[in-house]
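Below are two forms of the same protein chain, given as structure tokens: structure 1, then structure 2.
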Structure 1
Amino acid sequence: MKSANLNKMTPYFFIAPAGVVLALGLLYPIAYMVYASFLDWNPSQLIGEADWVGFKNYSNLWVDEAFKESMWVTLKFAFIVVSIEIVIGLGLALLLDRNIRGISALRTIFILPMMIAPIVVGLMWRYMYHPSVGIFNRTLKDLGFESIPWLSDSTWSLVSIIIADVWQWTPFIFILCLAALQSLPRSTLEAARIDGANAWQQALYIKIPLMMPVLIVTLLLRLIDAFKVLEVILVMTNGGPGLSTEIMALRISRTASEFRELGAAAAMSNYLLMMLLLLTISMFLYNKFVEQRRQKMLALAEGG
């Protein structure tokens, strides 16, 4: 009997070290951040010396126009860039899902942007957007058009960072979508071809529905990353002009380092964490629903 109980406990003994590392490396910092958000804390104090203010930091943020603006900019930026990247990445994957000479070289070329450090990406695009010597305005002038205030106008500055993000991260969507397409059951696609489905019909009614679980996970990963982007925007615009490109990550950094309000910065971080948790839970629930539909579709196809 004791031997049987010991056998049941054996897996837990093996995962215990990983559990301890997870608790120390993940749960403790989150708990520390949550605790700090209830304090009026600045860098000149030890955390134990800070005054307890309860939910004051959280309530103050809802009357802070700068925080609300940064939240709106974050939502707008994240959903625009991810929507564009999904459309372009999926379109490229559908286009290149065939036997093409040199496809391996093409894949390597496509993923190069996402391999570049974010600071370098920000500097590179900042120089290309330069009002006088940047390649974009020089090209516009050569063609007889007026130059564009890429980084000095509130509207164009947001467009500029969106273009840079799409350039860097569309390859991520493309690679995952292409891998999902190439893993689809060939029997289902062959059955669709025999039934007379053309390329568009196969893509809309067979390929995309079957690869939806992968698309949802890919979408979730990119949304989470887009909500947290910092370096490229910091280098390109530093949140300006005004607050037009100041996302929540940049507002949190400024609140902690420039304004020296660590408690308020922790509260902002928790708001961002809660937004991402709600988004993640919603996407996983939808993914479960889609996966059930996918299994039914495959069963019907195989049965037919």
Structure 2
Amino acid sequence: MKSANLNKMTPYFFIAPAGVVLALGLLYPIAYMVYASFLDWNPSQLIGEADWVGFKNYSNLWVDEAFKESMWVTLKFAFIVVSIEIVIGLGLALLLDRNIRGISALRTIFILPMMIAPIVVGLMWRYMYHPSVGIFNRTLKDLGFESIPWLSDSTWSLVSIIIADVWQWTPFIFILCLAALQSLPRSTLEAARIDGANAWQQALYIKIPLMMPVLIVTLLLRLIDAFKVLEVILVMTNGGPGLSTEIMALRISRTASEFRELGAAAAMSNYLLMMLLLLTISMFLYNKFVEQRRQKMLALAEGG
């Protein structure tokens, strides 16, 4: 009897610790943030002493030029890096999807930029962009060109952080695309080859359409991550010069720690979270849609 009881309790016993940690460390903080976003709260107050201000934090942000600027920078940054990375990553994957010796070594080396701490990535690039000792300006000088104000000019600084992000994350897309390419049905590709499709036609009309589900998911995953980038930019430019590279994550952390407006920072976090939620939900729905279509196709195939 006792052992039957024990068996019934087992699943709860196994899940409880993880559940408690998730509740304390993740769900409660998120709920708390939603609550804090309605308060006028600074770090020296207890949360109970903060005044309830309703939606004021949210509406204030709509007339806050700095916030709107950071939102614009975030969108610009995310869409540019993801487009460049998709084009290069997919291109390389299509090009290198063949029996070349050493492709697995290449993949291993490609993971390195993603594994190293973002802080260190920022550090490396800040050093390379350095006006006098950095490798880029040194090379330019040696070749007799003008040096470029990589991090000190507001247009160049955005370009610089985009280059660094492309360096760090293109491999991610490359690896996913390569995995997708290698799992494509060989018979379809074979058929296309026999019908005389050249490499371009195969890529454009067979491979890319077949990879679409993976491509879309990759794209959304990257987009979500691009909205979260913080450390690399923090180390390279700290949002400057001016507000030219101040993405939302950075704005939130500065609002909380420098301006000490926790309520406003929480409201910003909520805006960011809502944007990300939108992306995540669209990704989930897309997955569902693909799954359903596949099952319909399977049913059709069996019925026929």
Partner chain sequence: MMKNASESRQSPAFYALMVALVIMSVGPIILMLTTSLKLNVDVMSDTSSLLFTPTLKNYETVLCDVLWYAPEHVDYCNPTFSRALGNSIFIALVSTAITLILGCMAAYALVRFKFMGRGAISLTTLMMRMVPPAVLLVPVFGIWTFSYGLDGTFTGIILVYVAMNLPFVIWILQSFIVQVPIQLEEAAKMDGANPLQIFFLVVLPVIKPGLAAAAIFTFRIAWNEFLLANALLDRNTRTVPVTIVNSLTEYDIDWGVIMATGMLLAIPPIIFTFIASKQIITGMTAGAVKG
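Numbers given to residues start at 1 and step along the sequence of structure 1. Predicted, not measured: the structure shown is a model, and the values here were computed from it. Definition used throughout: the rigid core is the maximal C-alpha set that superposes within 1.5 Å between two forms.
Where the criterion is the form predicted together with its partner chain, structure 2 meets it and its counterpart does not. Once you line up the core between structure 1 and structure 2, the Cα of residue 28 ends up 2 Å or more from where it was.
Taking the core as the reference frame, the CA atom of residue 285 shifts 3.9 angstrom between structure 1 and structure 2. Summarising the core-aligned comparison between structure 1 and structure 2, the C-alpha atom of residue 18 is found to shift 6.1 Å.
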